[in-house]
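The chain below stands alone and is given in structure tokens; this is the form predicted alone.
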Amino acid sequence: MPGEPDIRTVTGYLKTLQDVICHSLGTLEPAAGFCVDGWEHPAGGGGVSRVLEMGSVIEKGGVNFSHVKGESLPPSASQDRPEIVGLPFEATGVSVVIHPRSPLIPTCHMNVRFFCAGTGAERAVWWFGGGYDLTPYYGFVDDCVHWHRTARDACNAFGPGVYPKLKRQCDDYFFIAHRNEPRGIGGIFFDDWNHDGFEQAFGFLRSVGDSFLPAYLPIMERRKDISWTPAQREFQAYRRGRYVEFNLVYDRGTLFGLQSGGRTESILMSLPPGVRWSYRYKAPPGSEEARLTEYFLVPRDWACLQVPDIGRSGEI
């Protein structure tokens, strides 16, 4: 029947997306290369992890594909959905995390995924989820504007209210409550997405997945050859600590993977290669480090800002 969930088609797209992303990132690191690691899930299915480490531009990056099965959904996926507790499930997705070497290039995260619970087309409960967000260490207004405009363009064909809604959801989700600050400058985030039937919802997932490289690669290209200092590198390591705190305390994907018996190495691939914590650190007033939290890590309508030729992180 047209419109029924088709997980085989979804997994086919996701495998291709993994290939495309790895090929594009690999052109930046021809000497490093991805370590390709296939694995199997104890309850069924498995995945392929592709991890690049110690590159000249990408210090650590991972592009993971997974398609796993289980007899019942873990609490992280079923706590708000009592109707699916105890049902068998399938979950498939691609997750990307890039930790650049340069502190002037932001860390990025992208995830697109599909869940299907139950058996039989009439009883199946399904939804798409995902999005992408950007975590800068030193702010550049034009990077933030480009990132959000690309995300907005990916959403526009699906309704004028989609981008503003998903931007708000991203700002709300990637918030470190115990620090009372956002993880980064956001992007878009969606879950439980099954609007207008399977084909339309799948089309939205593809639009988000296909827009990731156009959102991130131009930022990497224009920042990768700018020199940076040891002090900036230390600040990057300090701010990476916030990334670790969010992923281990709040991230639903991390919790789902661990609770569903996923492969720990692949799940924790998102953590940076080097990080540090400083007791009661406070950035010097007026510094670029202070401006990160005072200006950039404040939710704003980046996509609507008009960007002059400002070069560095000048405020508009």
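Quantities reported herein were computed from a predicted structural model and do not represent experimental measurements. Quick note: we count residues from 1 along the sequence shown, nothing fancier.
FYI, the form predicted together with another copy of the chain isn't displayed, but the following is about it.
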Answer yes if any heavy atom of A283 is within 4.5 Å of a heavy atom of another copy of the chain in the predicted bound form; otherwise answer no.
no
Is there a non-hydrogen atom of E289 within 4.5 angstroms of a non-hydrogen atom of another copy of the chain in the predicted bound form?
no
Is V85 one of the residues lying within 4.5 Å of another copy of the chain in the predicted bound form, judged by heavy atom distances?
no
Touches another copy of the chain in the predicted bound form: S278 (any heavy atom, 4.5 Å):
yes
Since the chain is shown here on its own, which stretch among 127-135, 177-185, 144-152, 196-204 would lie within 4.5 Å of another copy of the chain in the predicted bound form, judged by heavy atoms?
177-185
Look at the candidate spot formed by I219, E221 and I226 and say whether another copy of the chain comes within 4.5 Å of a heavy atom in all three of them in the predicted bound form.
no
Counting only non-hydrogen atoms and a 4.5 Å cut-off, give the residues of 39-66 close to another copy of the chain in the predicted bound form.
S49, V51, E53, E59, K60
